[in-house]
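Next up: a single chain in structure tokens, the form predicted on its own.
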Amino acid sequence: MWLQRVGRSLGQGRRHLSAKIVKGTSIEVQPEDGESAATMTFPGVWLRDNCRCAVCFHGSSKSRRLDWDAFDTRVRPLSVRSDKAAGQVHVSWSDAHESSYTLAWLRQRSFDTQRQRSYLEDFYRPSTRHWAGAEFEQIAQHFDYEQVMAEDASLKQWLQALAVYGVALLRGAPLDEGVVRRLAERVGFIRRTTYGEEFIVQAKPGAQNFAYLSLPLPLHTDLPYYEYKPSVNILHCVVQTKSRGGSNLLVDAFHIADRLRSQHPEDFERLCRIPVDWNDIGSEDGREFHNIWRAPVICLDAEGKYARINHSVPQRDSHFSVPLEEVEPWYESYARFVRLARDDAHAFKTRPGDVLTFNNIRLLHGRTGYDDTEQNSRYIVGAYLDWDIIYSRLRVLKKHAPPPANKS
């Protein structure tokens, strides 16, 4: 892991350290040890901005207290010295301030490309691994519910698998409605939506949501009509229908987007660019709602990576506020996306005690239809978690959780 690799290197370079000013504005640090002999260069303005002294930094809140209104962005180092015994670099600045930095702290924030990539792809947010439906049995990891609830090492493994593959299955959960809440609170806390904190997925008369029918449920992402969508879906199977249907359907929509990007770039560009009016109208617990959010099917972040997928054939508004000439091409592109996803869907049936967890803003999910009678019902308890909470928990676990025990 990123922190472990850093930690292994820290203990070897403490007594060998030198530093000097380069180009008048930057500081070059040479650890001079066998494992990490590469020189590290730090821009002076960044070092000054990150001074760790009590005047500039509030230790208990881990926050800057630097007065930015008085901050000189052209600040430069006047002198620098290294303390080999303490493993520190001391800098005197042109604004009459002095700062000290430990080698451990500097190494963790090195501007070296490989170090930055390791931090971003492991500690910040684990890199995703996209998969085709035929690979589901190989990538879908199974975890014991009781171990995840009791052991931080198992909790970390579950969250890591969820972050990388977008799906993981917990087995052996008790058959009570409190499982999803306890699991969510093991990570952080439940995300509340229009449909409450926990929700029951079962066929019911007068259903206010398409999922609450026994009909086939098309592939979709939940709540695309929210600006800030619930990130992870938790579905606990309490009772499973014995009828032929009721199977879960899952598709890695990032994989489908990969295929569009490489095989049909015009469709990919169109689905990234044209906003769709996603909507949900109804009432729950006596409260009427009308949710709308406009966003493309494929959303990219500032680096061009996939941020989220929005998809729900039933829950698109009849308003389509785009230029007239864009309408028909968009339908063709969306139809291709839907066909590719449908053809790649993997079907499987959870058993009572299984808890299916998956990335709601990455995976498309659905369900085959089933016969629902008093003697043959299906009862799923659901809840949501947000990635902000999951990533936060995962980072803390990476710093503190012990490695998993070896099992004979």
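The model shown is predicted, which means the values in this text are computed figures rather than measured ones. In case it trips you up, residue 1 is the first one in the sequence shown, and so on.
There is another form of this protein, the form predicted in complex with a small molecule, and it is not shown here; the text below is about that form.
Novice: In the predicted complex, do Val201, Leu217 and His220 all put a heavy atom within 4.5 Å of the small molecule?
Specialist: Per the other structure, all of Val201, Leu217 and His220 touch the small molecule.
Novice: Since only the chain is shown here, I'm wondering whether Asn248 would be in contact with the small molecule in the predicted complex (any heavy atom pair within 4.5 Å).
Specialist: Answer yes; at least one heavy atom of Asn248 falls within 4.5 Å of the small molecule in the predicted complex.
Novice: Taking the small molecule as it sits in the predicted complex, is Arg362 in contact with it (heavy atom to heavy atom, 4.5 Å or less)?
Specialist: The answer is no: Arg362 has no heavy atom within 4.5 Å of the small molecule.
Novice: Might Arg48 be said to contact the small molecule in the predicted complex, defining contact as any heavy atom within 4.5 Å?
Specialist: Outside the cut-off, so no.
Novice: Heavy atom to heavy atom, is Ala161 within 4.5 Å of the small molecule in the predicted complex?
Specialist: Contact with the small molecule, no.
Novice: Could you tell me which of 51 to 59, 335 to 343, 362 to 370, 38 to 46 sits within 4.5 Å of the small molecule in the predicted complex, going by non-hydrogen atoms?
Specialist: Only one stretch qualifies here: 362 to 370.
Novice: Find the only residue in Ile190, Val80, Leu169, Leu235 having a heavy atom within 4.5 Å of the small molecule in the predicted complex.
Specialist: Filtering the options by heavy-atom distance leaves Leu235.
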